Structures are given as C-alpha cells and as structure tokens.
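Coming up is one lone chain in structure tokens, specifically the form predicted alone.
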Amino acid sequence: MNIIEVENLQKTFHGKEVLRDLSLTVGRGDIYGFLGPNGSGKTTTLRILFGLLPKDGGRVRVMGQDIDRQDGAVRKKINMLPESHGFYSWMRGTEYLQYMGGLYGRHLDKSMRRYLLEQVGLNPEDTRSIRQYSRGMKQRLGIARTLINNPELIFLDEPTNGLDPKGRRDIHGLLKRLNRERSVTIVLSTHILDDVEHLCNRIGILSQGKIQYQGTLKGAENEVAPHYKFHFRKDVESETLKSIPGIHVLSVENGWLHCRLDGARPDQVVAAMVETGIPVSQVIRENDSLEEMYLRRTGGAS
C-alpha cells in the first residue's frame, strides 16, 4: 500500500520551472531515499508533500487523501525535520521538547520528554543548553521533535549533512530502529549516496525537475554494466587485455585489471583470458554501480 502518490507535480518560482511532471510513490514502511544534486528541487518537493508550499499542478495524495483537501487527521500523523531546524539555542533539550509539544497542542510531561530523548539516544539528565550540543546531538534532538505527535510518516531533509562518519552511522542506526520498532515510514532527502546504501530500500533520483529513476537499490545496480577487478599472477600488457571481448578496460595497475563488463559474464571473460594465456588468480565485483548510475541519471552533477 502506498502512503504517498505523486503524479505530474509542477512548481514554478519567479518564472523558473523547478518541478515539472514529477511522479513518485512511497510504500508504507519504506525508508525512501530521495536523491538529487543540490538545487534539484528535493526540498521544494518535501515542503509540498508536507503542506508548507502550494503546488502549481499535478496530483498529490498523502495517506490516502489529496493534499488540497487534507483534513486535520492526516496532518496529525506526519512530521518533518527541515535542514535548518531553528532551535532556540538558550533552551535545554527538555525545555525545547516541552515548548514544541505546546505548538502541537500536546502537553509533554517529564516522563514523555524523557522517553523521547532516550528514544534518540540523548541523556534526559543533560542540563546543557542546545548551543552547547554537538551537531550530531542537535540532529538527534530534531528527530526527537518529529516524534512528538507519534507520526506514521516523517520527512527528513539532509539529516546527516555536516556530520562526521561516526555521527552519520549513529543517525543511520537511529532511523533504522525507528522504522523497524515504531513502523515509521521515512522519506529521506539527501545527496549522500552512503546514506542511501545504508538505509533505504527504495530510491528516487531527481534531476531537472523530474524523477529520472525510481525503484529498489538492486534495480539501480542492475541498470549499470557491472565493474570487476581481475588479478593476474604475472604482469599483462594493457593492449593484450583490450583484445579480450566483452570488457571495457578502465585501468591496469599493480597486477589488477579494473574493467566494466559489456554484454559478457565474468566466467566467459575468465575463459577468454585463459585461452589467450593470461593467468587469472582472482575475480572481484566492485560495488560502485549506484554511483555510476546516479551520475549518469543526473548528467554528472555532484
């Protein structure tokens, strides 16, 4: 069952078309990676889905209701963490949650504030102000804020941007746990492929205002000719390797051939190499096809 359905979404700012005929679906229970270069329209799309921006055209349904006719019941079941959180830096974490709970019409008693902080791995006894928090702690607090209304769907805009590797892994673990234990559907806007590979079961790649690919990670990988490394027991001339059918040589260094297979299986390539007298000792598939497909779909944008 789809929790989000978008058909031919359009949005224009000051005469510039930002989104044109954008279509996507998000299934209930997905961690959906919304990929695209900076400035591609990811944040605009999230704001429309959340109801912060009006659309100029198309059809958008969230939790079974058209966003133009959404009632309060749907709005109470979704939440969003924007890239700029707007924290009140003089507050403590518990004070911030209490204040934000009031904006949602909810009284968060001490036990509920403690529960939310513990859910995201923050210490409820920490009396420091938010200005003293690390960036990773602020991200955790922001995610705690999105859980105030016990949502079924949350939108996260660049939640790991600016974090160090450990901070990113911590957020990855937190989001997986929320998805698994609380059955929260997550739409994750990012341009960081590592986030997608560690978190998402489905992705959509946005470029030039349209979805250029939507599907599973496995489907994305299968769309690109696979890359392989072949190791040889002795040096082999590059020109000899280029004569092997079904491969596109990328580089040859330190006894390793890095190549892309074009219409050939690895066992067929190995057989052709052995027949030519090339001593193959090891074959490894390289996992870089998602990056290649992303770059191809976005025209090489980073």
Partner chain sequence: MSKVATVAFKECREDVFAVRGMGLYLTASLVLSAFGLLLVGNTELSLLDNAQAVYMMAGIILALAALIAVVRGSDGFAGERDRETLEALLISPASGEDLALGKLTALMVSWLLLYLLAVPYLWAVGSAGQNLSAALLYLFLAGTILMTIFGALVLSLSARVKSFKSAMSAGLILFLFAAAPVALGPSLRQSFIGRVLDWLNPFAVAMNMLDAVIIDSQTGPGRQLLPLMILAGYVAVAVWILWLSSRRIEL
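Positions refer to the first chain, counted from 1. What you see is a predicted model; the values in this text were computed from it and never measured.
We do not show the form predicted in complex with its partner chain, though everything after this point is about it.
By the 4.5 Å heavy atom rule, the three marked residues Leu250, Val283 and Tyr294 all fail to count as contacting its partner chain in the model of the complex. With the partner left out here, its partner chain still marks one of 227 to 235, 99 to 107, 194 to 202, 116 to 124 in the model of the complex; by a 4.5 Å heavy atom cut-off that stretch is 99 to 107. Residue contact with its partner chain in the model of the complex: Ser84 places a heavy atom within 4.5 Å of it. Contact between Asn79 and its partner chain in the model of the complex is found at the 4.5 Å heavy atom cutoff. In the model of the complex, its partner chain lies farther than 4.5 Å from every heavy atom of Leu217. When its partner chain is considered in the model of the complex, Arg61 lies well away from it, no heavy atom lying within 4.5 Å. Contacts to its partner chain in the model of the complex (heavy atom within 4.5 Å) from stretch 31 to 59: Arg47, Phe50, Gly51, Leu52, Leu53, Pro54.
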